[in-house]
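Presented below, as structure tokens, is a lone chain in the form predicted on its own.
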Amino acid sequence: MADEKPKSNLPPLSLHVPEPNFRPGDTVDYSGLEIPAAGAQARPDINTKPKDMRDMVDDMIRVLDDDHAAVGPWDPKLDDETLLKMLRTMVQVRTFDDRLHRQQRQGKTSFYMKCTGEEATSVAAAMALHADDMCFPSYRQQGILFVRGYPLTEMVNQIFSNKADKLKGRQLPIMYSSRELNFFTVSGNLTTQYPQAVGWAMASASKGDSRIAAVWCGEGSTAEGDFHAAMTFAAVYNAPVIMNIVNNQWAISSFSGFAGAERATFAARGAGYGIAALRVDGNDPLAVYAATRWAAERARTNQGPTLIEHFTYRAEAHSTSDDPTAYRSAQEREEWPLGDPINRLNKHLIQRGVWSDEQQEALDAECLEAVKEAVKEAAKNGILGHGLHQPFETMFQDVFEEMPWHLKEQAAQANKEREIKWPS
């Protein structure tokens, strides 16, 4: 009853509110973070039952050791050409991010999101998939488009929402889409892509196709209902899908503890559903590639879905609308013990004797020039506020094959009001 007094012999209940280890101004100490030695993780067969590999959810797959060599059973044994392509693509992504972030600060677009420090989770993963596998990204997987050869100028057109934007200004900047490259439209609504990916994978299996699906979300998004609905369907129907959780430690202003990180790893959520699950060093491109390839082989041979937690760090702000100095220590990025994915692959290639600091400088310069040229070309089609945008009537198009009467009426009314307000 509402007026009933608490029992005097019971302790009062208390609520736990997660609190990050470090706040602005704090000294960062990651000594309590358990990071296993590279190469120490066993690589189970792809037909291993999920219940027999539950120890993987608390381990961490690592390939590159402290001497920058690839070691252990998860070493994917990639050739120099593939590794150099991986390095080049990650550099392209980071250079693009830096340049387009600057365009937002100059007022040429309204919004931008970088994936600095997380490039391996999209680039290395995409390289381990087939080109016709369907990808359902979140908003930090632009690396998939780079791997699959999407033109830089087209990406900038979308960011500028100009007259050449193939999405006709209907999406926020960086929310790309490419049917041709099997890249599902990015959604600003968190984790909607998870049930969509599982549904697509189920459809592929029901048709007897050979293509699989891969989907990404951040660790914070695993608290959404869509995530758990997708996990249930994937487990029940043995869907051929790879479910990636990019655990970059932070949502826009709340740390991973609010999504459950204090209780268990995010990979453990896979084990709870009876799904094969791996936990991977997300800043080790070779480990990401190897884990994705393992999961893809598993899916293609009807062994079921795999959940992969990529343990990484968001080095920059959540977006151009965010200021991380307000809620986390500036030392976190500097002290992050798993390093930087580009630097780690660079040092590995130098260790292999196929790369040098001079070649890296040349690559950086080459990528910067390519991005500058793409921005210059896209700007010819208009930037934010220039007025070189999609025709007014396009906002009523492309929803129905034939425009219904009520949309025709709305379009006519909108045009009438537009002529009154802006007769010129």
Partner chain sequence: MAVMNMIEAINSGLETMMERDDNVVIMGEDVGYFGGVFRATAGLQEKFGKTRCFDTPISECGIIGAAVGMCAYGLRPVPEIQFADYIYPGMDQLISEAARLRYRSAGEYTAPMTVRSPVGGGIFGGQTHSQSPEAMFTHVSGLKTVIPSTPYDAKGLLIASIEDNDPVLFLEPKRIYNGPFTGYYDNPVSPWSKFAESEVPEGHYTVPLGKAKIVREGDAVTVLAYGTMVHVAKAVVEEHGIDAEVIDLRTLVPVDIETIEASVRKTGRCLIVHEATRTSGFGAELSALVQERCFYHLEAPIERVTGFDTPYPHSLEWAYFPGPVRIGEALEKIVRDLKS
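In this text, the rigid core denotes the largest set of C-alpha atoms whose superposition between the two forms falls within 1.5 Å. Positions refer to the first chain, counted from 1. Since this is a predicted model, take the numbers as computed values, not measurements.
Although not depicted, the form predicted together with the partner chain is the subject of the following passage.
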> Ok, Gln351, Gln331, Ser254, Thr153: which has a heavy atom sitting within 4.5 Å of the partner chain in the model of the complex?
Replying inline: Ser254
>> Considering non-hydrogen atoms and a 4.5 Å limit, which listed residue (Ala317, Ala229, Val71, Leu84) is close to the partner chain in the model of the complex?
In response: Ala229
> Counting only heavy atoms and a 4.5 Å cutoff, which of 171-179, 337-345, 87-95, 280-288 contacts the partner chain in the model of the complex?
Replying inline: 171-179
> Would you say all of Gly199, Gln390 and Lys421 touch the partner chain in the model of the complex, counting a heavy atom within 4.5 Å as a touch?
Replying inline: yes
> So, in the model of the complex, is Phe396 in contact with the partner chain at a 4.5 angstroms heavy atom limit?
Replying inline: yes
> Is there a heavy atom of Pro195 lying 4.5 Å or less from a heavy atom of the partner chain in the model of the complex?
Replying inline: yes
>> Is Gly220 near the partner chain? Define near as a heavy atom within 4.5 Å, in the model of the complex.
In response: yes
>> Quick check on Arg99: any heavy atom within 4.5 Å of the partner chain in the model of the complex?
In response: no
> For 405-424: residues with a non-hydrogen atom within 4.5 angstroms of the partner chain in the model of the complex?
Replying inline: Trp405, His406, Leu407, Glu409, Gln410, Gln413, Ala414, Lys416, Glu417, Ile420, Lys421, Trp422
>> Superposing on the rigid core, I want to see if Lys416 changes position between the shown form and the other one - specifically a Cα shift of 2 Å or more.
In response: yes
